[in-house]
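Encoded as structure tokens, the following chain is the form predicted on its own, with no partner shown.
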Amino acid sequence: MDFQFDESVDRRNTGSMKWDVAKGELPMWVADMDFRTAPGIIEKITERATQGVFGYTVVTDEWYQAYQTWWKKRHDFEIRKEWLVFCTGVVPAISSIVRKVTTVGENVVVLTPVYNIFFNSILNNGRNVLESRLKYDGSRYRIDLDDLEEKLSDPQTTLFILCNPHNPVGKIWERETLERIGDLCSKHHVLVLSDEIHCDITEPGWEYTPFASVSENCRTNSITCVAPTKAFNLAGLQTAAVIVPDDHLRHKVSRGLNTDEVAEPNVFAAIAPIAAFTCGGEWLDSLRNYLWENRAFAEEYIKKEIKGISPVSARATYLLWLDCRNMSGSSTQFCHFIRSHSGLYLSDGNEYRNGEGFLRMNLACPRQQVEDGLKRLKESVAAYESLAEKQF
């Protein structure tokens, strides 16, 4: 079926966070897509909206079954119904869990560069961010396991937040790496919170491994946050799930989510995941093909047309991590210049910590938009280097 990913959807003047920008600007920063979601989801939401009554909503058996069936079929992971807890979003879940399972002043370890909102969830709740910096050798990222163990062994460290697959570098963590993380966290009595929201956006032919599926250590000592929102572009519906295999830990997490009032769905938040996981598979497979065609196009264009920038190879997410370390000045200066010069709005690598010299570009848009963004980037690089010769 042709899902028309090349069709442009005008999102201006709709209250879109991404598109609330000046006229002529091209936003390719925040991680949402410019595609309409799967037809089956639209159909189910429209059908429910037509009823016209929007009262209090409960989580039905179909919601649990949809998650269980999808993870078993797509990711070879059997999830028991009782492990699943509804939440209004992955970020609300992370913030609630940080508050419930750690205390003020304790350390939360993260692998940087990483999704910047993790820092908000940690710091806004009075906990300390403890970075274990990923190593980049010019072609791939890896974990410095010695450094990670040092950070985990600190008696003040009680939680490790994993991004699996990893945003912004697009890394799918290997099973062996996940098992090692699980062993280290168990050894040092550190709980693992795994954000797996990008799990369904992988290169065709490549699959991610759910952290909790790797070993007994990983299963009993982890909390996993998942959602259909990234894969099906549903973030505005505020829907997610938390997977907690351990009974005692699940009770604690559930109480935290309820106390924070993020454990009840709105009417569409309960319906959308069921529709996505039961009738969205064909759409998602087509989407993944389109996204990797966009990525291949962007990488080839940059290599041929833009000197001083290198795309970092990735197997997951629709985010292109750009190595700009050969450019003059800082990535913050460069990012601001690109926007002011061409209107292209990208994300500064410094937002993710340990990301100086990198930029993040969202490729989840029609091909013509990708082409437009790359042309603006090329023009900006030329103008920036010309200016840099005089200033730096």
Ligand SMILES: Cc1ncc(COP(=O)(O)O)c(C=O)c1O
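Residues carry their position along the shown sequence, with the first being 1. Bear in mind the structure is a predicted one, so any value in this text is a computation, not a measurement.
One more form of this protein, predicted together with the named molecule, exists but is not displayed; see below.
Q: Within 4.5 Å of the named molecule in the predicted bound form, counting heavy atoms only, one of 72-80, 130-138, 223-231, 269-277 shows up; tell me which.
A: That would be 223-231.
Q: Looking at Met327, Ala31, Leu26, Cys335, which is the one with a non-hydrogen atom within 4.5 Å of the named molecule in the predicted bound form?
A: Answer to the contact question: Ala31.
Q: May I ask you to choose, among Leu178, Ala316, Val312, Val90, the residue with a heavy atom within 4.5 Å of the named molecule in the predicted bound form?
A: Contact with the named molecule in the predicted bound form is made by Val90 alone.
Q: How about Ile197 - does it come within 4.5 Å of the named molecule in the predicted bound form, if we only consider non-hydrogen atoms?
A: Because a heavy atom of Ile197 falls inside 4.5 Å of the named molecule in the predicted bound form, the answer is yes.
Q: Give a yes/no on whether Cys163 approaches the named molecule to within 4.5 Å in the predicted bound form, heavy atoms considered.
A: Cys163: contacts the named molecule in the predicted bound form.
Q: May I ask you to check whether Trp173 falls inside a 4.5 Å heavy atom distance of the named molecule in the predicted bound form?
A: Answer no; every heavy atom of Trp173 is more than 4.5 Å from the named molecule in the predicted bound form.
Q: For Tyr115, is any heavy atom within 4.5 Å of the named molecule in the predicted bound form, or not?
A: Tyr115 belongs to the contact set for the named molecule.
Q: Judged by heavy atom distances of 4.5 Å or less, which residues of 327-360 approach the named molecule in the predicted bound form?
A: Counting only heavy atoms within 4.5 Å of the named molecule in the predicted bound form, no residue of 327-360 makes contact.
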